[in-house]
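Presented as structure tokens, the chain that follows is alone, the form predicted alone.
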Amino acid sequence: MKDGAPMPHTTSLHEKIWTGTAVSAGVAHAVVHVLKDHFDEPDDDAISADMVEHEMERLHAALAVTRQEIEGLQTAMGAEQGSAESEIFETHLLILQDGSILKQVEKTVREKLVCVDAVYYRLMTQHMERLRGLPDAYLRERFLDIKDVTQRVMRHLRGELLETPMFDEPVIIVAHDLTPSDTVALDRSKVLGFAVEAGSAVSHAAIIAKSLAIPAVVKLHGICDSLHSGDTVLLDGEEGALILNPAAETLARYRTREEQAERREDVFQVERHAPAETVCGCTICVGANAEFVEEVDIVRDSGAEEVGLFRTEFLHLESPDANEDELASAYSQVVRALAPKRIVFRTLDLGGDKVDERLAAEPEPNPFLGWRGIRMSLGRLDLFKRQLRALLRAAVHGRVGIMFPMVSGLEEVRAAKAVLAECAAELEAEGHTIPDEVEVGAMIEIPSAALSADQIAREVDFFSLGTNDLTQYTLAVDRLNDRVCDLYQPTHPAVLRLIDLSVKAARGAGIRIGMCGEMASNLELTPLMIGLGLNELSVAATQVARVKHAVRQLDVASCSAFAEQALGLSHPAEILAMSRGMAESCYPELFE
């Protein structure tokens, strides 16, 4: 069980339990840090007279940090004199430093002996409501300025920061949802787990938690309104529970359970570095997915044969202004650290839920069907060429594959390859060494790509099936939408037929094909994946040892016969049940 810094004694407090959906295994015990995109009306907590000075010190500290934050934003926006952005931030600073507001807050706190959070919030809300009702458009707009300043101050009063929160001690992140932008802003070395109100097993929070080897639970409805930064919780990524104020006996029970789980897991970890060879002698390459440079130690220790998917957009979101040299350095660090393993870098898959606000000039009504992946890269050749040049430079340090995301057909692949060839020619002309063997691949995650896989296969060295998107696009089901999550069915016959079509196209062209989506990590589906002809699976690093163990218990001929039968079935639940049944009979120890 992962523990943070020493916790307050909790036996005198009542436990409260929320139950959600477990998406990343493990248990963590720490204080929470709440990420909020709004602020709630604080309670009128009474204070004693001798606490007034402390309350005012809290407010002044929050105002000081907020001022630094706004001035930092002002500088980051370019700070052209007279620019609209500069005027906005100047207005925010004036609001923040309004002496009349501060005097009124202090007067009320002293007279009514109420916490400063409630007094400041109510006073600023009164100002907002007055402006909202005015006929003058300019004054009405000041409502938004006051709201923004108030939000920032309230977050600093509560410790609920959205802007690059740094932690003095390990924390469990609590949020309504966790976007890629939220993740890259966190000090991930101090994050022990994620507890999220929304999300699903294939949501961003779930994927990142698995990569970081930390527990995560989603669909914990109502936790953001009930928890505050600093509360002590226990997060159970096995059973999908969040426990506020866990009692001593609860902690003892979890420690015993965790010790038993670790002993069971040790059995699978012993042979994690050995090849994954089926009982009939077929070797399956089991790789790991990654997105952060700091994951290389986790990947190296996991037993992964390669990195089958390195998501480069997270490095971009962390440092959107990184130049070519900085990118080449970051990519080279990964390649050198994991050599001689092959590293497959996916070029930027921005768009969808991974948004660079500076590239998105205006909000898209349906971003998952909009300017995303290879479309954005081909539309921003300066950004695309900078990345490709950096990847080619990193390739001199080890085995590198470059993979294009969200391709819909042959023309996009040819266009992307042409840009890559142009970058290689430029680098050679500048005196850089370009390795002869840099494999080029395409992700199959749009139905049109699967249906034209035979054409695309003649242009690339490998395919990688991105089943998270392939499933959502095939079934027209938003994989992040809680209302339709029951319709998100990876074992739907249409999805399996597209996988089968892609495998046959790859085999026909003599290229390799793997899978890097969440289906590859699902031990219930391993017999089906092997049976469909996949001999490369890239999974969360925490799943590598378990997937390898599963593969060693399977026979390819039996899996192929099952897959052929499954392709003739019409009910996703029936296919899933059959695959799970085969998995449980072959490796029951993984389901204990």
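Residue numbers run from 1 along the displayed sequence. Note that the structure is a prediction, hence the values are computed from the model and not measured.
Form predicted in complex with a small molecule: not shown, discussed below.
Q: Which of these residues, L309, A304, V407, L178, gets a heavy atom within 4.5 Å of the small molecule in the model of the complex?
A: Here the answer is residue option L309.
Q: Identify, from the list T491, S521, Q387, T467, the residue with a heavy atom within 4.5 Å of the small molecule in the model of the complex.
A: So the residue touching the small molecule in the model of the complex, by this definition, is T467.
Q: Under a 4.5 Å heavy atom criterion, is D236 part of the interface with the small molecule in the model of the complex?
A: Contact with the small molecule, no.
Q: At 4.5 Å between heavy atoms, is G287 in contact with the small molecule in the model of the complex?
A: G287: no contact with the small molecule in the model of the complex.
Q: Can D117 be called a contact residue for the small molecule in the model of the complex at 4.5 Å between heavy atoms?
A: Judged by the heavy-atom cut-off of 4.5 Å, D117 is well away from the small molecule in the model of the complex.
Q: So, in the model of the complex, is G517 in contact with the small molecule at a 4.5 angstroms heavy atom limit?
A: Flag for G517 set to yes.
Q: At 4.5 Å between heavy atoms, only one of the stretches 328 to 336, 244 to 252, 378 to 386, 200 to 208 reaches the small molecule in the model of the complex; which one is it?
A: Correct option: 200 to 208.
Q: On the criterion of a non-hydrogen atom at 4.5 angstroms or closer, are R346, D349 and E445 all touching the small molecule in the model of the complex?
A: Heavy-atom distance to the small molecule in the model of the complex: all three under 4.5 Å.
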